[in-house]
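Okay, here we've got a single chain as structure tokens, the form predicted alone, with questions on binding and movement later.
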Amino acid sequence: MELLSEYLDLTIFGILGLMSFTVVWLSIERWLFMRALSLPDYQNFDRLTVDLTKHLTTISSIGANAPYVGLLGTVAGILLTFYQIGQNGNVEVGAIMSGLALALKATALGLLVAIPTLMIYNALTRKVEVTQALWRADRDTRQGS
């Protein structure tokens, strides 16, 4: 339990920080790719779709799982609080509330990572749909001419 007590915050915050960094990095990469995209370069719709949706699964997975990582930190923090109460025999309300409040910060951080990540994912998914529609419209225009 000493190991858990010492490294719980560092581990959970480290994982959530890595998840955040990954989302920012992949989001910037996707934005730059879509900004530089030239639709006439694509003759095949499936190739366009593959290129447009690259890394979106990773972004979505991070958005879906960040709250669970935070919840894991909260559960471990609560477990640690109750363990310490049992070991010390200290049933003081202030100590319990302090331990629980510290444990809940992991859930808050998990949500703080997840909410913007899912917003970014939805925006990128919408951009993919619009780009696909524009590609189809351009193809229909070229074939109709």
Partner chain sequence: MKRHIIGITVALCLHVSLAAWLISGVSSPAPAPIAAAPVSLVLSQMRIVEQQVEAKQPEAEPAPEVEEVVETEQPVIEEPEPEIVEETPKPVETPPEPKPEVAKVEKPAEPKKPVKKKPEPKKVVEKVKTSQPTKKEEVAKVDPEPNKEVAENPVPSPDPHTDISTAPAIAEQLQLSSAQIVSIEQAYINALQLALEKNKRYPLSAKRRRQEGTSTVEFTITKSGDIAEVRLRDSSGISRLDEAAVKALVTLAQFEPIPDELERTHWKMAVPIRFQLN
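Everything quoted here is computed from the prediction, not taken from an experiment. Positions refer to the first chain, counted from 1.
This next part talks about the form predicted in complex with its partner chain, which is not shown.
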- Query: Want to guess which of 114 to 122, 25 to 33, 81 to 89, 64 to 72 is within 4.5 Å of its partner chain in the predicted complex, heavy atoms only?
  - Reply: 25 to 33
- Query: Would G94 count as a contact of its partner chain in the predicted complex, using a 4.5 angstroms cut-off between non-hydrogen atoms?
  - Reply: yes
- Message: I'd like to check something about H55: if you look in the predicted complex, is any of its heavy atoms closer than or equal to 4.5 Å to a heavy atom of its partner chain?
- Response: yes
- Using a 4.5 Å heavy atom cut-off, state whether T49 contacts its partner chain in the predicted complex. no
- Message: Considering non-hydrogen atoms and a 4.5 Å limit, does its partner chain approach S20 in the predicted complex?
- Response: yes
